[in-house]
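Quick heads-up: it's one chain on its own, the form predicted alone, in structure tokens.
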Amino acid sequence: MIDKIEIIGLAAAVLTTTSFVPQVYKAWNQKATKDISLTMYLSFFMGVVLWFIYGIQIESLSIILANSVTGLLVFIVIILKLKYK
């Protein structure tokens, strides 16, 4: 069973992770990424990877899920940034 604090973590994970969906959608549809900072996204991606590893180490479902999905979304933005440079 998931404890109460993990439910708060899952709610936070859904909110923060879904915040990247509009950016991915816009970059994908408009095929334009000139206003996106590659440096920021690369740095953020590395931070997300570290959070993911941390989540695995402490066995936190919310941290693992949030950072795996966020990592995928951020990675897509990075790929689009490089593709549409």
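Start at 1 with the first residue shown and count on from there. Every value quoted in this text rests on a predicted model; they were computed, and no experiment measured them.
Keep in mind that the form predicted in complex with a further copy of the same chain is missing from the display, and what follows is about it.
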* Asked: Within a 4.5 Å heavy atom cut-off, is F20 in contact with a further copy of the same chain in the predicted bound form?
  -> yes
* Asked: Do I5 and a further copy of the same chain come within 4.5 Å of each other in the predicted bound form, heavy atoms counted?
  -> yes
* Spell out, yes or no, whether the shortest heavy atom distance between G71 and a further copy of the same chain in the predicted bound form is within 4.5 Å. => no
* **4.5 angstroms heavy atom contact with a further copy of the same chain in the predicted bound form for T39** => yes
* Residues within stretch 52 to 69 having a non-hydrogen atom within 4.5 Å of a further copy of the same chain in the predicted bound form -> I53, Y54, Q57, I58, S60, S62, I63, A66
